[in-house]
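Below you'll find only one chain, the form predicted on its own, shown as structure tokens.
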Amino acid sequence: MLDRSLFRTELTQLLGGRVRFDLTLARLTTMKIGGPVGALIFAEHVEECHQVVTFLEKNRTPWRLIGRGSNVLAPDEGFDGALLALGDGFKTIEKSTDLSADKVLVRAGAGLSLTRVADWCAARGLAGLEFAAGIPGCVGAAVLKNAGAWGSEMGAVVASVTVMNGREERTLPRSCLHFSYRSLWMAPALPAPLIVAAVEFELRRSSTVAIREQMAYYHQLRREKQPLNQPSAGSFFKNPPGLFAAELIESSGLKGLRVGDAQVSTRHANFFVNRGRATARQMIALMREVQQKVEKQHGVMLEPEVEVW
């Protein structure tokens, strides 16, 4: 366990108001589940991020990176360490290079909301990120997970990724980035722990009206198909090759299945929702029951897309 008094004093001396205490993971995740955390730290720029990581490692304090908490099932017992969040210095966006008359590079900080980046690009007639409209995560996490929707994914528009750890920073071009379904492998990579600092997107010029119409259509589909009014972590399982997790779950008769306040959504079977007081244990029990029944019915073992801490 942390020496909380000393830990708080030293972190406050290092960061001032950019560290917060007495928070729970339930407040920091879209599923609204999880116990207390030792500290939430906001690093404002690369140098400060290096300082924080060095301090935490020197003090043997466990830490994790947290974005917008949208793809996380956090533990009921919490996390007796520090959560590192990317502050305002990692939330800038700019058009960096005109590649041609039709193609443009846009550089976005990893801490930015992916939806905000999509809106910024739409306003400037830059197409390619329409599918990201409504995806609740931040840029860094979305790239690491190769997030996608409606048949498109991040890997199709990423030109480079700038990564860092507690010691150095490196920009990896597209040739070093190997995207696959809901994952990214980088080579050569920096030694862990690895943090995405910024991403360059290769986009194409188009009509702002056409881009916004496409985004509005995707927003409408989300409202119609997804339980946006209930806490969830988005799609819970990855789609097996050639199949859809939601269809496998629904055809197994599991839509609406509950374990306590954890429930398979009645609107979209690949969303697990928190009906109010769900715990991580209940969500995990629900996950396992769904996996077992789908495997028995269809011979397919569903793999979680949500990151279970």
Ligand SMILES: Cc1cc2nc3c(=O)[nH]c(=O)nc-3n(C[C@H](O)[C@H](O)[C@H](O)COP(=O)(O)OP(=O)(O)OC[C@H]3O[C@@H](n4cnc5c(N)ncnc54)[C@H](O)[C@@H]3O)c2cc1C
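What you are looking at is a predicted structure, and each value in this text was computed from that prediction instead of being measured. Counting begins at 1, following the sequence as shown.
What comes next is about the form predicted in complex with the ligand, which is not displayed.
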query	finding
Residue contact check: Arg68 to the ligand in the predicted complex, 4.5 Å heavy atom	yes
Heavy atom of Gln226 within 4.5 Å of the ligand in the predicted complex	yes
Glu307 within 4.5 Å of the ligand in the predicted complex, heavy atoms	yes
Heavy atom of Val72 within 4.5 Å of the ligand in the predicted complex	yes
All of Phe7, Gly81 and Leu190 with a heavy atom within 4.5 Å of the ligand in the predicted complex	no
Location of the ligand contact in the predicted complex, chosen stretch of 58 to 66, 40 to 48, 276 to 284, 250 to 258 [non-hydrogen atom, 4.5 Å]	58 to 66
Contact assignment for the ligand in the predicted complex, among Arg182, Arg170, Arg107, Arg212, heavy atom within 4.5 Å	Arg182
Of Gly148, Gly166, Gly125, Gly89, the one that lies within 4.5 Å of the ligand in the predicted complex (heavy atoms)	Gly148
Partner contacts in the predicted complex for 22 to 52 (non-hydrogen atom within 4.5 angstroms of the ligand)	Thr30
